[in-house]
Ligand SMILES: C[S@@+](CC[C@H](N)C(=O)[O-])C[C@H]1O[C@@H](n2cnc3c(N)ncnc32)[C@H](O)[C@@H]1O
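What follows is one chain in structure tokens, specifically the form predicted alone.
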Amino acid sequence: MDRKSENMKTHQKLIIEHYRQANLEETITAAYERAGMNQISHDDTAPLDEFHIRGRAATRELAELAGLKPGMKVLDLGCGVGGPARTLAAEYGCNVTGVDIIEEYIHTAKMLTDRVGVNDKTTFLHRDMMEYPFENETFDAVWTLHTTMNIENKAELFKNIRRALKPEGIFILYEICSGSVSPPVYPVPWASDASINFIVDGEELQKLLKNAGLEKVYWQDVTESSLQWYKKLVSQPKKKTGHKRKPGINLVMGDTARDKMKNVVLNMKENRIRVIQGVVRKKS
């Protein structure tokens, strides 16, 4: 194995160790049963399956900004347990292929999709998003939410995204960028330490996109609204014993969920991280 391949395998292992939750599918199934929710709808999964700032509201906002329409083929890179993919399928009529390196996420995504009934418009694949398994010019849109922070070679990622897009296709991204102070305080949802943290500032991200042949359509710093959302989230009281609440994102994030969320608030307050929304278009 050459050095590049060895480094990639090490990076994959670190990513998997950070995100994976053993028996996640069974844990979530049991949580719905305890909540008395033997039948669930797409609305019921919102507290659990939108693993990004502002949750399903942000998913819908990005879909509207990008002008996603019924029948469009969308590639969701780093799809997690499939929340955004199901939203694009159920609410916007898109045909979505979700890719994630975490095997437990893919199993859980398929289970939840089956239970809420949008199998006909979604496909989930256990793959590393840096490995390019698609034919060129396959998708109308590529979509990624809070994933590029873990990608060191963003130039290669963006080049592959451009290859995947049809002519005039769009790339939608919702990402954490670095601020004026570094490093971020750990742990955070995307990294327990610096080994898998590859955030860059917004200007660098735009430069990388432009160099890959992706032209800016929309770009917005949404740190302030993100901070207010997170403040509200971490200030919520813990669930009382015997009180039933819909299963939440803590099941996906694990035992350190509250610490990670508190550190996101701190990092935004101290300008260690920024949050951006972007829509770019493939140049002809």
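Please read these numbers as outputs of a predicted model, since none were measured by experiment. All residue numbers are counted from 1 along the displayed sequence.
Form predicted together with the ligand: not shown, discussed below.
Practice prompt. Would you confirm whether the three residues 78, 129 and 150 all fall within 4.5 Å of the ligand in the predicted bound form, going by non-hydrogen atoms?
Written response: Every residue of the spot touches the ligand in the predicted bound form.
Practice prompt. Would you please decide whether residue 146 lies within 4.5 angstroms of the ligand in the predicted bound form, comparing each non-hydrogen atom pair?
Written response: Although the ligand is absent here, residue 146 would touch it in the predicted bound form, with heavy atoms inside 4.5 Å.
Discussion item. Can you tell me if residue 15 lies within 4.5 angstroms of the ligand in the predicted bound form, counting non-hydrogen atoms only?
Written reply: Contact with the ligand, yes.
Discussion item. At 4.5 Å between heavy atoms, is residue 51 in contact with the ligand in the predicted bound form?
Written reply: Answer yes; at least one heavy atom of residue 51 falls within 4.5 Å of the ligand in the predicted bound form.
Worksheet item: Does residue 104 make contact with the ligand in the predicted bound form, using a 4.5 Å heavy atom cut-off?
Response: No, residue 104 stays farther than 4.5 Å from the ligand in the predicted bound form.
Practice prompt. Within 4.5 Å of the ligand in the predicted bound form, counting heavy atoms only, one of 177-185, 114-122, 80-88, 206-214 shows up; tell me which.
Written response: Looking at the other structure, the answer is 80-88.
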